[in-house]
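A single chain comes next, written as structure tokens; it is the form predicted on its own.
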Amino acid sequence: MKKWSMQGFFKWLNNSESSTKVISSIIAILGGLLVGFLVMLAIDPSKAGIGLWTILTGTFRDGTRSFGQTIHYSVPIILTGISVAFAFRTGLFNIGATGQLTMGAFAAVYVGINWTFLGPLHWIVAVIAGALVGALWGSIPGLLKAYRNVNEVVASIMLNYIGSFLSILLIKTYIYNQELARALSPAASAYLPRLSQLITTHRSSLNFGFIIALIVVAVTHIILNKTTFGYQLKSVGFNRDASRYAGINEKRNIILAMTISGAIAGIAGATMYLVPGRLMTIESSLLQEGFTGIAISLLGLSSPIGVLFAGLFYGALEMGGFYLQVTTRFVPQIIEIIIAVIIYFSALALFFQKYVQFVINKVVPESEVGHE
């Protein structure tokens, strides 16, 4: 049995395209951690080792509280990552997740402030509102791509800025708090329910957003890999002309892909702001979670399940960065450096995959991948 298992592993390692992608992502992570460690060595060699260990173990440093906070930090990143990954799997590069997230967040907060009559359904309707407005914002580059062949990268990135400034206008018009110069707080009934009743999280902010993220992961995985609709989406992504020849309505599928991608980003915006203590501001800067989602999508190999683990890893880095600053006095920007390097390495995934496969072919014994 053991021999068969090892033989199967070597076959997967030698012949599977997924193996090279997984190894490339691991190389990207290790590369980022190595660069971060070198930076800490340059700043304070005596604390570099402790700093790296703190980054790696920060998630478990304070028990269930730090673990719950890690997951809480991960939720919007997981959702924006899936948003980007869903579009990418259909051949589209949705770089406008930030704008879709911002517009979805406004819709969710607006409902959270004004629709208090909904009672127990309040937070659910607020999340749905975020998804619908995010879907609407995502459909715009989809329509332009389908009917005018406008590059979705250009269209979606321009809509990031339009969404940012439009949200400021809408906040000032409908939900503005003059005293604090920012948006009003949603009603308590609009906040995502805490998960402290289901699992012990003590003082962590872990809430129902993580359950929503898991549902989105499961649904998108099933759509992309188990349905005819998902097959059509991926077919259009691979070759629009061949898909049209095969009888697939490529315009409809392009629009639907961007609409679904936008809806997921809108849900991410809802999970970010339907929580106590975080309010929408009137600053003109773009929300970084949408751009981080691009990196997480690359690191997760544009797979919903891969994005889930990549997003949790990002949350672990954020938690490690918090404790890094508290215990060693290293500046938290080291975490940003690590994440930035991982992003660059992830972008070079195709380069890594070429040489990883070459090394595998040289290292793995030929006898191990022969006939069983």
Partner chain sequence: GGADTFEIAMITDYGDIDDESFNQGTWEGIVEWAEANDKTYAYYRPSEVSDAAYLESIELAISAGARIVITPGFLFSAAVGEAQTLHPDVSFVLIDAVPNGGVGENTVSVLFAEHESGFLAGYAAVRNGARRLGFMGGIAVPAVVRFGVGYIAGAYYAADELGVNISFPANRYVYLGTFGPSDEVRTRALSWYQDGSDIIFAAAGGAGTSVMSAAEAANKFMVGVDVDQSYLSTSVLTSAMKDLGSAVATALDGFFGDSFPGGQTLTLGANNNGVALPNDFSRFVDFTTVDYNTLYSRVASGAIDVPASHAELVSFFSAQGLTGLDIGASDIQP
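The structure presented is a predicted model; accordingly, all values stated were derived computationally and were not measured. Numbering follows the first chain given and starts at 1.
Not on display, but discussed next: the form predicted together with its partner chain.
Peer 1: Please pick out the stretch from 256-264, 122-130, 107-115, 71-79 that is in contact with its partner chain in the model of the complex, where contact means heavy atoms within 4.5 Å.
Peer 2: Result for this chain: 71-79.
Peer 1: Give a yes/no on whether M319 approaches its partner chain to within 4.5 Å in the model of the complex, heavy atoms considered.
Peer 2: Looking in the model of the complex, residue contacts with its partner chain include M319, since a heavy atom lies within 4.5 Å.
Peer 1: Is F309 close enough to touch its partner chain in the model of the complex, meaning at least one heavy atom pair within 4.5 Å?
Peer 2: Close contact is absent here: in the model of the complex, F309 is far from its partner chain, nothing within 4.5 Å, heavy atoms only.
Peer 1: Might Y176 be said to contact its partner chain in the model of the complex, defining contact as any heavy atom within 4.5 Å?
Peer 2: Y176: yes, in contact with its partner chain in the model of the complex.
Peer 1: Is I305 a contact residue for its partner chain in the model of the complex, using a 4.5 Å heavy atom cut-off?
Peer 2: Answer no; every heavy atom of I305 is more than 4.5 Å from its partner chain in the model of the complex.
Peer 1: Across 268-293, which residues bring a heavy atom to within 4.5 Å of its partner chain in the model of the complex?
Peer 2: In sequence order, G277, R278, I282, E283, S284 come within 4.5 Å of the partner.
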